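Next comes just one chain, in structure tokens: the form predicted alone.
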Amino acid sequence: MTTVGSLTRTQLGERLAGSGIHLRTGHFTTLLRSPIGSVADGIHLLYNDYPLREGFADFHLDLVRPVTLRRWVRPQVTLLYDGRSMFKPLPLDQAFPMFEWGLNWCVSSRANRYLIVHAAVVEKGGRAAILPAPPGSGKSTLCAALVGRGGWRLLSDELTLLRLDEGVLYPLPRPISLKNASIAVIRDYVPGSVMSRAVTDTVKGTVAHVRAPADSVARASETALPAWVVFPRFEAGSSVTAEPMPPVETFMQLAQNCFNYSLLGAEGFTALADLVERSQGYRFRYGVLDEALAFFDSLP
């Protein structure tokens, strides 16, 4: 099997600038093209273990520099989806984060055979913990710690995919997005982690991405059953508290974090109700990662 890592950085850059690469992430293939060096740098560093395919692609993405006067002053990058510009250009330095955000958009807006929740999801022993939370709640920091030191498998940092007709969770292991103070926290807590260069002044502050564990990428076809729904909230210095939630509250809060719940109608309602019926919900607060990981190890 050909992987990104089978190409040198130079070969990868030439492929991206030419015909592109068919990058396989979970059950999706993306045809990616870009002549921008930082995009090749990010793919080479963080997608080393991912398969390269040929033929059909679910998504077609190009990251290019717009041909305007700003090409020479404060250069920018534009993301094209199927050849069309869908978003405002960003500063050129944000080209690789823009690829990550754009691919999230592709999945969350197009993959409607799944119920899609804005949540991290990790697995151990075939059972999955779903971590829905708004930005700034400590979701990605906790996710990076669980897969970096806790022995959990990464299914996704951003998008939980529940297959409507099967009721199982499909993996989408991709780099974990860290923001601001959490970058240094994970760099210290998981010293062996591979992390991209921090990019400053984005709409989300300073961002960096952590490479997904190779084992999680290799097991991207292994589904998992939902078992827990944990709503995390980081509060500096606080002890761990985990308050069980009634199913109705778990359902309502999960629905608020879904991208396509309303679009799916009755199918979405049934899938979400089945997930909640099989899972225990918790309202979870933590301030120390070691204590948080101990809680996850104690889940029944």
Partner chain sequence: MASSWRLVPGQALLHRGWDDAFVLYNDLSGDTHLLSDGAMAMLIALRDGDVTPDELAAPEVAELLATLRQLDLIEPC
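Numbering follows the first chain given and starts at 1. Computed from a predicted model, the values in this text were never measured in an experiment.
What comes next is about the form predicted in complex with the partner chain, which does not appear here.
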Taking 4.5 angstroms as the cut-off for heavy atoms, does A266 touch the partner chain in the model of the complex?
-> yes
Any chance G37 has a heavy atom within 4.5 Å of the partner chain in the model of the complex?
-> no
Touches the partner chain in the model of the complex: E277 (any heavy atom, 4.5 Å) | yes
With the cut-off set at 4.5 Å between non-hydrogen atoms, does T270 touch the partner chain in the model of the complex?
-> yes
Can you pick the stretch from 243 to 251, 42 to 50, 29 to 37, 55 to 63 whose heavy atoms fall within 4.5 Å of the partner chain in the model of the complex?
-> 243 to 251
